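Next up: a single chain in structure tokens, the form predicted alone.
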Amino acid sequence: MGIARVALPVAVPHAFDYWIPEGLDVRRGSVVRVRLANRSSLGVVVGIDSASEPGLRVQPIDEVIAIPPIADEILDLALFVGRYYQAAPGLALELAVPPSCKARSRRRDGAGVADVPQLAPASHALNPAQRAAAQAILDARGTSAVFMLHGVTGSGKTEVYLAAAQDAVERGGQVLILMPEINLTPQFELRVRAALPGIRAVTLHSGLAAGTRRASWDAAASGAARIVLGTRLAMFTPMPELALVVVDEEHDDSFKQQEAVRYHARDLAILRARRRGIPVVLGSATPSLETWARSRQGRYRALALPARADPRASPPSIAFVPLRGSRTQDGLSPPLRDAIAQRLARREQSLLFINRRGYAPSLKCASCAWESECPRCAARLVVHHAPDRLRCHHCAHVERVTRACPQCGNVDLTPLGFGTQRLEQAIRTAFPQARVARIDRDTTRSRGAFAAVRQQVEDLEVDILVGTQMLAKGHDFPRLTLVGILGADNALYSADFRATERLVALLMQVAGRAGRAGLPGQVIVQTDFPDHPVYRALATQDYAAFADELLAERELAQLPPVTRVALLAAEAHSRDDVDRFLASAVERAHALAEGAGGIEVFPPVPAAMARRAGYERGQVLVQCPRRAPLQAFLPRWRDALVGIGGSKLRWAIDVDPVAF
């Protein structure tokens, strides 16, 4: 009787034994249906033995799902994720299970893939810098070279990707291209189809219908699809002839999964390429400091695109104007209002960027200083209009807008600050003749909403765009010549050590939307701190100098990427439960860290948001100069924590966290 070790999607650090009934074809990587505590569950076979451990009673496997076993490459990648990121192996392997695998029969390769309109073949003549970058990637065929493609916004990084992808496909390979956001995939797919007609490309992300996702997965797994475009979810797609991996906007935090299995898709892309012996390209106008540091060390090869690809285009002019002034109206300074009016007169387009949705970040009493606060989170309730509501952007709590202060009864309640709704209202009031569109999470909830507005912009049916960071990257509007940036100073007050790195990336990305074709572009930033290093970097467009300066600061402070960190996060309804658990966790950590190679354990502190959705939250940071000692320490620490928090407390270890 054969025994299969099956990893199930439950939070336990081991697989379960099941016996293999006669007639079932069970192999390593098979997706099977089994019973656990009288509940049916899917699992993945991670090993087969001739016998189980003595004394164990094992149940039979109920069914083998009618799909090919998960490829060893993907199976091993998922198991690595479980080990490195301190996740249960079954939860990590769940990432590798194909979508809709509960279906009893396999679909035909390609069935259900949504059609994308075919475009006429596009001419993509590369400039000298693009040709040099593409040639360097082509010359690295058959090696595990890692390239940092650092190109200013509008420099044509996509054309370099496509040139390298075309070569890989023509040589019989497949290409995986990762993007940070779902909204960027349709546009990218159109560009692939236009540049590489006849080459089959499919898209994989969580926003697709299950049938479409499964069909795309099958096409990739069979080799029928030569190019796979997707978000971090696509990292676990089997591609038997994978020859090139591209990570676009590699700096983006969206590549880091923030719950359950907390993996980073960019780092896994590098690992997968290295194991396969193929090149990987990390592209960005503002590379992450992790990538920048490795390029400075010579571990990654730097490729530069220093100028915009369109020979008619030049960098936009950048001006900083006072945030407050006697002539500022509804948050709009006179220079910004004048610039918008000039664009309207010239039939050009403007983008107003403010990274806060809603009408106003808070509601305040003018008498007693009461502010609207979420009853479940350590956060203010955001004022929304149409309908008038107070909403928490962290736990989705909603309540009606109060007409009088609940503390003193005063009816003089003031919305504080600006969000996208209030800015849109101000623009419509100041420019009633303008056609205005707002892009944020509230306006793009329905399927196709974002694409519809984007099409309106391309068709010149929109004069002024108001939006959040959804508009900051990946969009090319030739007649968009003005970018106004509002509210960026708020990020300067953040306690997050990565705040300035993120802000520079965001500002350079959104500023890069202006003047990408033959029309000159202008960026106007409303700020109280025009001499801040963040704004100096934006003004000079010298990201290299800024990144080098930040790296020097991280070296002095011994912060990532100079050191390796892991974060133990805990939450419970009671603050006492959190504090007791973290105190015990620190005690165990100190005992395990003795002689463990420079591991430093910091005292427990409240999380950046100390209460969220009714849960009190705290954390402990562990730091080490080198990865190996930390990786040896974490499994032992995790095992020592099992059971000490009780059922009322939830905890997780986040390896290489992007924020703490």
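All residue numbers refer to positions in the sequence shown, first residue = 1. Since this is a predicted model, take the numbers as computed values, not measurements.
From this point on, the text means the form predicted in complex with adenosine-5'-diphosphate, which you will not see here.
Think of it this way: in the model of the complex, adenosine-5'-diphosphate has a heavy atom of just one of 500, 153, 527, 288 within 4.5 Å, and the residue is 153. The partner is absent here; in the model of the complex, the one residue of 481, 130, 183, 420 having a heavy atom within 4.5 Å of adenosine-5'-diphosphate is 130. The stretch from 310 to 318, 408 to 416, 361 to 369, 481 to 489 that comes within 4.5 Å of adenosine-5'-diphosphate in the model of the complex, counting heavy atoms only, is 310 to 318.
For residue 159, a non-hydrogen atom is located within 4.5 Å of adenosine-5'-diphosphate in the model of the complex, even though that partner is not displayed. Shown alone here, residue 224 lies farther than 4.5 Å from adenosine-5'-diphosphate in the model of the complex, counting heavy atoms only.
The closest non-hydrogen atom of residue 476 lies within 4.5 Å of adenosine-5'-diphosphate in the model of the complex. At a distance threshold of 4.5 angstroms between non-hydrogen atoms, residue 260 is out of contact with adenosine-5'-diphosphate in the model of the complex.
Contacts between 164 to 197 and adenosine-5'-diphosphate, taken as any heavy atom within 4.5 Å in the model of the complex, involve only 191.
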